[in-house]
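Only one chain comes next, encoded as structure tokens, the form predicted on its own.
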């Protein structure tokens, strides 16, 4: 890897999402703007404040939720449509799934929006804290207090509840769909093996885990929440049970705030609370500096599909694109 080049951008506020749509750099900020960087910068006023954003499964559009109660789909050409809207609450949880499906939530209520435009309202017993679609099949995981609820979107099968006491603040499926992992308020992760609902407890973090990323073959789950990236092994039928995680990219006491695994290599981009960004090889821990420290903590990191460019953003509005050759 040669020295990276950086194209800088100032969003002027918290960067909610930075990444690529159809290969074009796109940035979404907390004030409600989505910026498209193609030759010149174009800025589109989408929301009255963006609270969450996720790319569609096909990588061609960005789904976002805002303080205005809207769920919007925005393409790289700036065209945008409102998929769902409520006048009574913010939209601060979102997930994108197969076949263009989108799930959103706020409080105890939410909705699943299908590609046909059909909207299915959902309501759970406790506040929705996280949403995730399974990689295959229309199954949705909902993180809430005392566990994770699993529901099938297109069948009448009863919901399945994965119980574990405590506050669950986020949720994800493993790429092979065999595991569900939740983020917890108590500086830990908790997992279930869906074949037998066996528990997996991943603890010992000094801070709450806010960022997770699966390696490209699903062998590792990289996480923030410590002064190094913590990687849990998921190869084999037992996942991380009884295994010790890797610690990569430690920079003294500087906390890791974002992690993003490379799309085609066992490599990891790590963002830190001081604005620094590193690339780390998973096998041997070799580190390459991608960006020196900045003004704010890194809030978002995403590779393009080729793995040659990395988009980043910070809590203080610093953002940009790092090209790696």
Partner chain sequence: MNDTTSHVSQSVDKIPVTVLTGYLGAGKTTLLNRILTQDHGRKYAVIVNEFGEIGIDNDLIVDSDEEIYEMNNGCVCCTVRGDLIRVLQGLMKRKGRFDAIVIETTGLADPAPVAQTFFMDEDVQAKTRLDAVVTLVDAKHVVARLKDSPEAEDQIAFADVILLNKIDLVDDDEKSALHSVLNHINPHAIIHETSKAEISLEKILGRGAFDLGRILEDDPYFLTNVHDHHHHHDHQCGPDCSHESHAHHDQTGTHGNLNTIIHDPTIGTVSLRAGELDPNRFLPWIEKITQIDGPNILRLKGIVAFKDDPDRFVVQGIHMILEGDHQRAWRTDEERSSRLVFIGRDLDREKLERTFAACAI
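Numbering follows the first chain given and starts at 1. Please read these numbers as outputs of a predicted model, since none were measured by experiment.
Beyond the structure shown, there is the form predicted in complex with its partner chain, which is absent from this document and is the topic of what follows.
*Asks:* If contact means a heavy atom within 4.5 Å, which one of 70-78, 240-248, 126-134, 216-224 is the stretch that engages its partner chain in the predicted complex?
*Replies:* Within 4.5 Å of the partner lies stretch 126-134.
*Asks:* Which residue, 120, 198, 165, 253, has a heavy atom that falls within 4.5 Å of its partner chain in the predicted complex?
*Replies:* Contact residue from the list: 165.
*Asks:* Note which of 280, 30, 63, 290 lies within 4.5 Å of its partner chain in the predicted complex, where distance is taken over heavy atoms; exactly one does.
*Replies:* Of 280, 30, 63, 290, the residue with a heavy atom within 4.5 Å of its partner chain in the predicted complex is 30.
*Asks:* For a quick test of understanding: in the predicted complex, does each of 54, 153 and 157 have a heavy atom within 4.5 Å of its partner chain?
*Replies:* Not a single residue of the candidate spot has a heavy atom within 4.5 Å of its partner chain in the predicted complex.
*Asks:* Does any heavy atom of residue 174 come within 4.5 Å of a heavy atom of its partner chain in the predicted complex?
*Replies:* No - in the predicted complex, heavy atoms of residue 174 and its partner chain never come within 4.5 Å of each other.
*Asks:* Taking its partner chain as it sits in the predicted complex, is residue 145 near enough to touch it, meaning that at least one heavy atom pair lies within 4.5 angstroms?
*Replies:* Answer yes; at least one heavy atom of residue 145 falls within 4.5 Å of its partner chain in the predicted complex.
*Asks:* Just to confirm, residue 187 within 4.5 Å of its partner chain in the predicted complex by heavy atoms?
*Replies:* Answer yes; at least one heavy atom of residue 187 falls within 4.5 Å of its partner chain in the predicted complex.
*Asks:* Check whether residue 90 has any heavy atom within 4.5 Å of a heavy atom of its partner chain in the predicted complex, and answer yes or no.
*Replies:* Looking in the predicted complex, residue contacts with its partner chain include residue 90, since a heavy atom lies within 4.5 Å.
*Asks:* Can you name the residues of 95-121 that have a non-hydrogen atom within 4.5 angstroms of its partner chain in the predicted complex?
*Replies:* Sequence-ordered list: 107, 108.
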